[in-house]
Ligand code: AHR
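So this first bit is one chain, no partners, the form predicted on its own, shown in structure tokens.
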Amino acid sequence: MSPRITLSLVAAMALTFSLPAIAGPTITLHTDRPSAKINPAMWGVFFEDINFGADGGIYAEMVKNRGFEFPEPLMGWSKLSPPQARGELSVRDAEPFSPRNPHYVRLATTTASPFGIANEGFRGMGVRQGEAYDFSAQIRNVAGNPGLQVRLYAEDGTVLDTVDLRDLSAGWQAIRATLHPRDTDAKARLAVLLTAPGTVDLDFISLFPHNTWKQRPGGLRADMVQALADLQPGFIRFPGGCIVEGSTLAYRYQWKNTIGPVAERPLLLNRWNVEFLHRPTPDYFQSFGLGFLEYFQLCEDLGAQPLPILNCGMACQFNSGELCPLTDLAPYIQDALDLVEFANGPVSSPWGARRAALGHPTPFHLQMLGIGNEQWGPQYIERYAKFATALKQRYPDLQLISGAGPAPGDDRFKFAWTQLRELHADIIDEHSYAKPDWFYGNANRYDAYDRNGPKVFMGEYAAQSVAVVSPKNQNNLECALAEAAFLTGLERNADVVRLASYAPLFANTTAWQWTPDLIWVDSLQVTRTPSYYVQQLFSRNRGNEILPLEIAGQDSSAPLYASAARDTVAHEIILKVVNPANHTAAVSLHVPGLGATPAPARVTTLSGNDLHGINVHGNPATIVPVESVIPSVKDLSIITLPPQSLTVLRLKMP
């Protein structure tokens, strides 16, 4: 969705007046003394497989438990058997298609009455009328000459399409077909049925929309990736936060298990499967259809720098906190070294050759790597130090991201910063989930940070409308504006804050574990929140040089929050201002270098009448950016800022 251009020229001109300065704030931009450079990759996204963000989300596979590898091997499946059918269903592992995923289902029937299984998908399969859906499965004919039929059922039981499969082989064989549903349905089901006497084995039953991102078979959901592309992210942090650690080390994320043929990627319990009693998700597992090669490819597609995060030998400290002994840490460090080679190594190197064999001989140009997620305490510091020594010895230019714990100012945070500063850490990852007041109150947080110390990655942040982890949290306008005010402080201090990303990124409306979230989806729809549009406005208007500014004469009870940058390529000044008050603010814009010659400006405003306003499926445009043009801006022009708004002004320099 692009920002709507809805203001008429007359309305746009009302935003600015060439009148003498009136009583009110004055924003002064010092265009003659730009300070530090802004990292071109500053504004990015943090992806984690939480809220069904990967399986059941951006990974476009529509069949849940396609390989029957869940601990309950028929979870997601149901038996279809009319009374007159005589059939048997069993899960087996003898002579499997894939030894790494050995389970499969056997169907046997002695009648011509349809007998088989149906899959419910991830809270339903979303299909659109007339579009193509690619079915595939590994099938083995065990006995007889069975007929096999694939059907799509609507939620109400209507048959949406049917395909017959013929000439089944006595050995495992990949069978493919295409389905074209006759209607749109958000909760369709896929069925595979025997229609003649016989016995067959089925494994890796799959259904993908043909229309995936860049039309890649078995790829990513196009509308969800488009929402990321529209953010124009500078980086993508992956594969997550707590899932990197795992509840125990046995359940940690291991990148080497996520590359190669998808049928050979072993299933793993998702850490969010068991985390919250108030939001149980017993069907949440990681198939790794979205693996490290796909993550790197997504970064390349979007022009974003890859930022992978690896386990540092510690399980999640909110769970078991299990530690790998320091004496046994070598394999974890080797995994990190191998990952850099996989991403950047020549095809003559072992892991560069592996990347090339997977279809990508060109390096991915990895520049950053995260060691651990949000661990804390001396155990983390001593493990990070060992990683840093090994990685810097081989890859001295690689920027390492270290962690400062889960909170932005407690004793764990202070200890981490003290220790990491002594270790000359490159970039320290800070996290904050808090009420909107915290974000307003911390807009100046980085003003006093040491300019010569480690840099900052604000890697996870989100304003909580109710409380951290509350199911009642909403992505409302109040939260978005508080985040915007905070981001002006990050931008003003871009010499210290090099990277920033909201978290979490995606959430399924019927299968979420955590709120709030940047983008909400179901099986057919994608809704972008007010927080999304804040991110988008900062990312699309990032500039490359910080411009110092001052705000004078403002009411301390209703302060403005602002940052400014120069885009030296477009020859524009970019001013971002947040007015959180419930009344209009008339601001005198003092740009000493502008002079009396009028200059055109483009204005984008995100605002709303209700601080509790949200965007939802069915009404996704309650709060969206509005664009306008101001044809003439001079020094000391009066700019009118709407109440409860973020305004981005791009002003052409003479």
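Residue numbers run from 1 along the displayed sequence. No experiment lies behind these values; they were computed from the predicted model shown.
Keep in mind the form predicted together with this ligand is missing from the figure; the text below concerns it.
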* Asked: Among 47-55, 60-68, 619-627, 25-33, which stretch has residues with heavy atoms no more than 4.5 Å from this ligand in the predicted bound form?
  -> 47-55
* 364, 395, 351, 433 - the one with a heavy atom within 4.5 Å of this ligand in the predicted bound form -> 433
* Structure fact -> Partner-free chain; cross-checking this ligand in the predicted bound form, the single residue of 228, 518, 242, 368 with a heavy atom within 4.5 Å is 242
* Asked: Any of the heavy atoms of residue 514 lying within 4.5 Å of this ligand in the predicted bound form?
  -> yes
* Verify the contact flag for residue 503: yes if a non-hydrogen atom of it lies within 4.5 Å of a non-hydrogen atom of this ligand in the predicted bound form, no if not. => yes
* To do: Flag residue 272 as yes or no: does it have a non-hydrogen atom within 4.5 angstroms of any non-hydrogen atom of this ligand in the predicted bound form?
  => yes
* Considering only heavy atoms, tell me if residue 341 and this ligand come within 4.5 Å of each other in the predicted bound form. => no
* Enumerate the residues of 451-476 that have a non-hydrogen atom within 4.5 Å of this ligand in the predicted bound form, in sequence order, or give none. => 460
